[in-house]
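In the block that follows, a single chain appears as structure tokens, in the form predicted on its own.
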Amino acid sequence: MSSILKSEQLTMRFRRLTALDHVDLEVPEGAVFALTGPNGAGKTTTLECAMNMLRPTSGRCEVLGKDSRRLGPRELEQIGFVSEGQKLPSGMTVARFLAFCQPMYPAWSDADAAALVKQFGLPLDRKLSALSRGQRVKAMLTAALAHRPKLILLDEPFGGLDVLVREQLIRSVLDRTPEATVVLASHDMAEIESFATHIAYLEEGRLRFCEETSALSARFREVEVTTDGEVEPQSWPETWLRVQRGRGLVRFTDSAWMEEGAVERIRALVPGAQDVTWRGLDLRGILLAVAAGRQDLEQ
């Protein structure tokens, strides 16, 4: 599967701050790709480099097969972009705003725009400045989707919105553009867990992992080991995250889970191990474990 967006050793520095540190990222064509991580992790910077809104300090981005620094009208008319910080012409009505956007996109569909306006309940005669936060997002989405883009970039657009509204908007994106690749940058697990086919996690400008959601879920397990006494600190495997020790119990998250032979391996590593149990983790649990890293905590 070809990559519709990728970065190679992408690095961005703002004086003493390193916002991105040699990030290698690949977004497969047709994916619903979640770019996640805490606030300030580098998500917005990555998308702004991809859109040539920022010039990286070093490294490069490639979008639609072209270096992002050389994106032209032909590439830009195939991209839909919605950002939390996007500025709108507040004095325009919704109708005037959509009419303003229409000539920029040869593939613009008036029928799609009208259907989205109806679906979102947008007041065409109201100025953008008079819209609620949710209505402004809907107006931006209408403009971003009406030209049937090949690549849709969403940078934290749904923050602060009601969960049901958020899900409706994401579902609208997926239903309206089934052939498109979607990249959603968000720190909110609820926005991405039920939709994403691929997950990338940034932390302090570094890419911690980038993989299919199913593969990520398969390799993480929360493990509990009952023991016959208190376990002293050990040299735990690198793949054991958030190790917690207490009297008669060791708990950790295994980030490279292999079920075959798991009980024997764990008993060999945990002194006095008795019973070994495990369970899968949701995406939030996985990302919390990755963020916490290799800790050795007494309960």
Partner chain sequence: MKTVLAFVRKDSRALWWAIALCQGLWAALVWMDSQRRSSMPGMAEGWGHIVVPLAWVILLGLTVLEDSPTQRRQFWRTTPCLARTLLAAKALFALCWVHVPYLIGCSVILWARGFAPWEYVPHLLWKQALVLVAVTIPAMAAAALVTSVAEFLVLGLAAMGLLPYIMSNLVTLQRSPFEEELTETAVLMLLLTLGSALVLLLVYELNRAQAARLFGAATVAGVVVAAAAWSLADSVRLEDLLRTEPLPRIQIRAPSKPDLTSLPAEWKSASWQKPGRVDVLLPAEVIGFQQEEINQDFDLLKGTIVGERGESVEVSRAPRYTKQEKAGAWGDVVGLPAPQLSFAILLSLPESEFRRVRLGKVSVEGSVRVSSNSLAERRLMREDTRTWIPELGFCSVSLCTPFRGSGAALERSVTCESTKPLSPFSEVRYWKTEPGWSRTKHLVDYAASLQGPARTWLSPLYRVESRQGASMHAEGESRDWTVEFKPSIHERSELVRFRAEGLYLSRYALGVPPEE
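Numbering follows the first chain given and starts at 1. These numbers were taken from a predicted model, which means no experiment stands behind them.
Heads up, the form predicted in complex with the partner chain isn't pictured, but that's what we're talking about next.
- Within 4.5 Å of any heavy atom of the partner chain in the predicted complex lies no heavy atom of Ala256.
- When contacts are judged by a 4.5 Å heavy atom cut-off, Val231 does not count as touching the partner chain in the predicted complex.
- In the predicted complex, no heavy atom of Glu222 sits within 4.5 Å of the partner chain.
- At a distance threshold of 4.5 angstroms between non-hydrogen atoms, Phe81 is in contact with the partner chain in the predicted complex.
- Residue heavy atoms within 4.5 Å of the partner chain in the predicted complex occur in exactly one stretch of 198-206, 174-182, 115-123, 83-91, and that stretch is 83-91.
- Proximity to the partner chain in the predicted complex, defined as a heavy atom within 4.5 Å, holds among Val163, Met104, Ala215, Ala107 only for Met104.
- For the options Lys66, Arg247, Arg265, Arg55, the one in contact with the partner chain in the predicted complex, meaning a heavy atom within 4.5 Å, is Arg55.
- For the partner-free chain shown, Thr44, Glu48, Met51, Asn52, Met53, Leu54, Arg55, Leu71, Gly72, Pro73 of 37-75 come within 4.5 angstroms of the partner chain in the predicted complex, judged by any non-hydrogen atom.
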